[in-house]
Every structure is written in C-alpha cells, then in structure tokens.
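Single chain ahead, by itself, as structure tokens, in the form predicted on its own.
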Amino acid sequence: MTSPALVPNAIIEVNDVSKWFGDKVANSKLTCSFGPGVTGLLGPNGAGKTTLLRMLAGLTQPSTGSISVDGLDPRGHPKLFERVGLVPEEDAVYEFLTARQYVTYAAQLTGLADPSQAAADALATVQLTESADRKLGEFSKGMKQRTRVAAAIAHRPDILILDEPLNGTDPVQRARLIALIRSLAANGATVIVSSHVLAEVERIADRVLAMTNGRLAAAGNVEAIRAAMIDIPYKVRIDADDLRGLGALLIGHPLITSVAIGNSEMVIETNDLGALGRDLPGLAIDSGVRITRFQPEDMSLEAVFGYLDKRR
C-alpha cells in the first residue's frame, strides 16, 4: 500500500532526508511528496517545519537524503526559482521601501517583462492597492504579511511555499488569504502551508502532514488521521433535556467506553463514532429523551495533534 505521505504525480519529492546543525537534529529521515492542491505542514514550534521548507525552496541542502522539484535538485538549478513563490517565517521587510517598490523588486528578480504591472496585480489581489505607495515601516504586521504574500505571487508561480502566512492578520484578512491560497491551488498550483494554528490549517489544507521532533508523525486528511487512531476513543459532547436518563441508558452500552455527566452537558467516549451516530437517535426516541447537541470534538486538528503528541 502506498504511504499517505506520498502523492501520485508528485511535483516535489523528499527522499529519506535528514538535516542537522552541529549536534542539533532538525529533520530526521523524512520521506514525503507534494503535488497540486494545498498540503498543510502541521506541528508546534521546533517540530522542524521551517527547516524542511527551506530545503524545499533550495535555501539550504539536506545533510543526507535528497529533494527534487520536477526531478531536479533545487540547489543546482536556479531557474527553478522562477517557478517558486516563498513567504519565509521571518517577517523582516525593507521598511524604507513602499509596498509597490518592494513587490516590484521581487518581480524584477524573477525576470518578468513588466514587473510594475505584475506588482500592481499582486497588490490588488491582496487588497493593498490603496496603501501601495506607503512605506512598509508604516504598515501593521498584517499589512506587511500581505505585502510579502504579494511579493511571493507576483510572478505567478506554480509552486508556493508559505511558512506561517497568516501571522499577524486580522480575521477578515485571514479569511481573504485563505480564499486566495485555495484559489491558487484550484488553478493547479502546488501549495505548502506551514502553521501551528491548527484550526486554520484545517480550513486551508486538503491534506495534512503532521510533524513532531523533526519526524513525520502522520499524514492524510484530518478524518483519516483520526480514524487510524483506533486505540484512542472519540470524545462527544451531548446536550439533552434529560441528561441523567440518557446517561443511564448509555452506561454499559457496547459502543460507549465512558460517560461523564455535568450540570449542562454530557461527555461520552466511543471507539466507533459512526455506529454511535446511527444508534443514538433510536435510543433517545425509545426513552423519550430529546437530544439538542451531538458534537464530536475530536475531529478538530487541535485534538488530532494532541493525540499524536501524546503517542510520541
């Protein structure tokens, strides 16, 4: 069976890659691949995400193993950079430049015939046209972040590497950037988004690679990762008009591993969420209990990563 860390028709391939700095191991024996669509690279600070992204972009080379972009080593083929857009983790910008000057400069570096127009288009895409001629030193952190995204997409790359791209953005800006990222992927781009803001990765990514301590911990969509953890029960929050009556029915039920009843809700655990969802309505009807909420909280990426971290 093919590993979920690998995709068919991969654009970027990572083969048994390790990276260390002195005696510090940043990445260890990573094998994975990336293709069109959005892949979320998930993990806490220090998990090795940024080091991996820097290797994918050709900014540093693996200590062992290999990375290829369309079959080529990014370190040995600078022309590949014309296909790659990068938003690095560091938020430094040239604060003496205006946003227009900054993005135009980025477009010039990729050899575009009309970098000024490309910059104008990119700034419009991130909705910074009205502020384009203000100096970056006057910008908020979120506006600087949008400028950096504009610089990364000005040359219309088909590979986009984004390290914590939503940092500093407000909820409206965040929603717009997520929509932009997904639209680029829908048009065929290979997009890799690194984040520790777990709910946002869930909104952005079609596929998730979770990292801990420089290693790949899990791969797949959120539901697939969670379903693979058969030894860890799902936690479900339930509201009903007779919690104690419902709780008495559920205690000892073969699908239920625990029941906890509070003043306003019940929390149960089950190893088979689908079967419970099918059985519970009938139980409630037979007992005359009205259920007003059935919320599986473990389907969030935050819960998934918490389980992964505990299992290291």
Partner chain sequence: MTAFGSIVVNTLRGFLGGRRSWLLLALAMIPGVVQLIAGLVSGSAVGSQLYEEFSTQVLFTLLIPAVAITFGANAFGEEKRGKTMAFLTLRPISRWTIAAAKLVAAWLGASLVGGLGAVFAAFALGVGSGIWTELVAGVVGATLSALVYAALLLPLGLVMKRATLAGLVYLLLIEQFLARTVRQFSNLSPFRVGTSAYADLSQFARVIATLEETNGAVVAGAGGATLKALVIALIMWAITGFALRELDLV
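The model shown is predicted, which means the values in this text are computed figures rather than measured ones. Residue numbers count along the first chain shown, from 1.
Just so it is clear, the following notes concern the form predicted together with its partner chain, a form of the same protein that is not shown.
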property	result
Site check Gln61, Pro78 and Ala92: each within 4.5 Å of its partner chain in the predicted complex by heavy atom	yes
Its partner chain contact in the predicted complex: Ala57, any heavy atom under 4.5 Å	yes
Contact test in the predicted complex: Ala219 vs its partner chain, heavy atoms, 4.5 Å	no
is_contact(Leu97, its partner chain) in the predicted complex, heavy atom dist at most 4.5 Å	yes
In the predicted complex, Thr110 touching its partner chain (heavy atom, 4.5 Å)	yes
Options 117 to 125, 211 to 219, 102 to 110, 196 to 204; stretch whose heavy atom lies within 4.5 Å of its partner chain in the predicted complex	102 to 110
The single option of Ala151, Ile238, Leu166, Ile159 touching its partner chain in the predicted complex, heavy atom within 4.5 Å	Ala151
In the predicted complex, the residue from Leu86, Ala132, Met143, Ala189 that sits within 4.5 Å of its partner chain by heavy atoms	Leu86
Residues from 127 to 142 in contact with its partner chain (non-hydrogen atom within 4.5 Å) in the predicted complex	none
